[in-house]
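Given next, in structure tokens, is a single chain: the form predicted alone.
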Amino acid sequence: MKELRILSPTAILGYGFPMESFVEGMKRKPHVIAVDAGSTDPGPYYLGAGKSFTDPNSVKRDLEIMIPAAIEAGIPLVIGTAGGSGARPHVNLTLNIVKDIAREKKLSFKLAVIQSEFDKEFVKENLRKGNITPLKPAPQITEADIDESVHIVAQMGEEPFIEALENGADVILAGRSYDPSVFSALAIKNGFNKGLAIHLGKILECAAIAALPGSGSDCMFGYLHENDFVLEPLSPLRKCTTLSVAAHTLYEKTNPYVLPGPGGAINLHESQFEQIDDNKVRVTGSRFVPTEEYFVKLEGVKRVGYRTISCAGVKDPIMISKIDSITESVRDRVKNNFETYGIKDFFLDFKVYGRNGVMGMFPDAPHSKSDELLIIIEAVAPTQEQADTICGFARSTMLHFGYEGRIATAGNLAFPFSPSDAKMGEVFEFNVYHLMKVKDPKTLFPIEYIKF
């Protein structure tokens, strides 16, 4: 095989794509349709809660097109990080959708389901053996951290996908996956350059985001050859340029020249980007450098409490000029009030949009100026009832807070919603974000085969 062709329909399963672009992709006779279905970008909640950040109806819409198209063309469909986070509940969510589609459309195919959630005892055993190290700035973990975790998943490389392909799977549904592996597995199985295959997968995982104008809801096509790969958007509205493709190569990386992953890293020092026509870019020179030992990335979350928020607008220029001192005074008042009742274990924050709502986490960032603000009052406590109480008290205190220069005697805040307070439910945080040394990257990720 001198050329391997890959169709990436959308940046994340459920984001959708124009049917016209997908049809154009199928006209190019791809050898595989591959799609990433998840990310840690939406934060720890979805892994902890066992829920998907993409709507199931949208996921079904995408799969109702992809699965029949792949079966008709006689090519595999590969799905990674099912359900958004890739733990067992997320894989099962997507599996049920696949079963519904197979039943409703009377489809016949072989499905491989690859799990990526680890048992806590297995992780603790590896911790005792010294096989787990932090991904900085994460601290070293303890067995107590592992016990606190709700779900712990590992990013699988291409090896489990290759095994499923070798066993004749028509559709592969995988748990947490190293994003490029979903796209590179068939190519690596067929002997193509691993560095080029994974680099191509790195770009295809986000579909047309690497084009101009970028879109996560449009298709991208990849052509892999012995010494290069070529990228082509499938909508006439978009173009790949050397700038757009090179820029996306830098996406989500701490080092512009090294792309780490399971078992090694892509060295990009010699990568070159060439415009070969109006909307296609050729890439050469990317090399895979294996590590001496094989590592997989672990992701785990723990429950830290429950959240309630209240959103309010501020227009008074006097209040705006004193907003930092006002929020600190309200915070002190809340702390003082609940210490009286013995409630100390809570978190209270004021996110001030229009001033430093986004950049407030950086102490040295200059404050922007605005003639109106949106303040989000956030309370996190061990129970939902306590979070409700703390948020409500902070909201009412700020609503009637008297500050120097205040003229009005009515409320300080304008509430866009009634009720003013919203229960946000459980709160999770990442407590496992580490590398684990493994001997066999395939046996860690069990595969179940289902025939429809």
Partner chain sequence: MQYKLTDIASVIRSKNSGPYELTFDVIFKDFETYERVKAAKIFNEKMFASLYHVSESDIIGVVHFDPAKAIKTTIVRPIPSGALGETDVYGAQQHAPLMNFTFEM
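Residue numbers count along the first chain shown, from 1. Since the model is a prediction, treat every value here as computed from it, not as a measurement.
Although it is not shown, the form predicted together with the partner chain is what the next lines describe.
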*Let me know the one among Lys99, Lys369, Lys315, Lys253 whose heavy atoms come within 4.5 Å of the partner chain in the model of the complex, would you?*
Lys253
*What is the one choice in Lys110, Lys351, Arg303, Arg331 with a heavy atom within 4.5 Å of the partner chain in the model of the complex?*
Lys351
*Quick one: find which of 253 to 261, 229 to 237, 77 to 85, 119 to 127 has residues within 4.5 Å of the partner chain in the model of the complex by heavy atom distance.*
253 to 261
_4.5 Å heavy atom contact, Arg307 and the partner chain in the model of the complex_ = yes
_Phe338 versus the partner chain, in the model of the complex: is there a non-hydrogen atom within 4.5 Å?_
no
*For Ile132, is any heavy atom within 4.5 Å of the partner chain in the model of the complex, or not?*
no
_When the contact criterion is heavy atoms within 4.5 Å, does Val427 count as touching the partner chain in the model of the complex?_
yes
*Residues of stretch 356 to 376 in contact with the partner chain in the model of the complex (4.5 Å, non-hydrogen atom)*: Gly357, Val358, Met359, Gly360, Met361, Phe362, Asp364, Ala365, Pro366
